[in-house]
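Given next, in structure tokens, is a single chain: the form predicted on its own.
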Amino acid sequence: MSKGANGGGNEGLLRQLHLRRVPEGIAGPQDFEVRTGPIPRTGEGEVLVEAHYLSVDAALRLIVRDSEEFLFRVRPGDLVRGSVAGKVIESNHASYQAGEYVLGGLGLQSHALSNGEGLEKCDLSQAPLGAWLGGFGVSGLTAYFAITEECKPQPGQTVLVNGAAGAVGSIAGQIARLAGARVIGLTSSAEKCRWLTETLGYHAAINYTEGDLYERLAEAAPDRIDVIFDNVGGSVLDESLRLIAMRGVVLLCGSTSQYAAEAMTGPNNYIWLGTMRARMQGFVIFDYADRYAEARSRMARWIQSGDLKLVEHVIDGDVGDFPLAFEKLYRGANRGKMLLRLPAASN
């Protein structure tokens, strides 16, 4: 395949994003390259998917590290892994027809062949296509099952959401509020704090980049914190642990502050888990794969009633614009789920 600078202006060509080198610090355009070639044709039992949206996920930084410790590692020269929502434009598969919309982990490319394994049909009567990568996809499902099945906040309890303005946190806080909990969000700017309280219904929000975080948390949660829903890790999690309530729950959903770090650091304040008889546990959404339809049905009702808002930060561009979007994600430019909308979405 030939290589292009950004993948633009290549109608009729396959455009793929490959890792050029292992990133140092926050990954950016210098770490990736676009390769172009002919669009593949379907073989027996295959479908060809035209990508309309690419999911911009913080966890990608974890698998482009120079480490053998992580599953699904992407090495220099590899097609970059990622989730795609798009349209079936050719099908030789009995379960899929041309014109249907699907999502799957097809990699960051304009067109992808699939044998159907791992593909999921998107019902656009429930939610727009982009939402199937966000609030109706892994991000929203993660928030739903993490809160309703693992954290299980009770009316009157206090829930802290670290990384509250992101794809998962923005939904998790709303669901905790619907359960009757008092919800506090941690985020990275005063503007995002206002958005959390005024738009998403958070009861309080704290900019963790300003002032003494522990003091501000203690002021916002004078009776301590019953549930810590953590997407950030590092010092944000560490300070939160000092205020965990008796028999509280700390759910580890992500650790974005650590993904680009040379050496990952764990919490120092874990002693509070013992003192307060609290528990800390990890969470992976795929444990609930057989219940996605149930969750989406309930979330659809909340959306229709106005109780739940699915927020997307959409950037229009081509495959070659993904690295810049990814860099913006790590610099906190987004509110809610970040998506790259490709030109095919408007056709």
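Don't overthink the numbering: it's just position in the shown sequence, from 1. Because the structure is a prediction, the values reported are computed rather than measured.
Heads up, the form predicted in complex with a small molecule isn't pictured, but that's what we're talking about next.
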Of Cys253, Leu200, Cys151, Val159, the one that lies within 4.5 Å of the small molecule in the predicted complex (heavy atoms) = Cys253
Pick from Leu119, Val138, Ala220, Val88: which residue has any heavy atom within 4.5 angstroms of the small molecule in the predicted complex?
-> Val138
Examine Val168 and determine whether its closest non-hydrogen atom to the small molecule in the predicted complex is within 4.5 angstroms.
-> yes
Give a yes/no on whether Tyr259 approaches the small molecule to within 4.5 Å in the predicted complex, heavy atoms considered.
-> yes
Taking 4.5 angstroms as the cut-off for heavy atoms, does Ala295 touch the small molecule in the predicted complex?
-> no
Interface membership of Val284, the small molecule in the predicted complex, 4.5 Å heavy atom rule | yes
Per-stretch contact check against the small molecule in the predicted complex, the hit in 121 to 129, 175 to 183, 230 to 238, 212 to 220 (non-hydrogen atom, 4.5 angstroms) | 230 to 238
Full three-residue contact with the small molecule in the predicted complex, heavy atom 4.5 Å, for Ala58, Gly163 and Tyr330 | yes
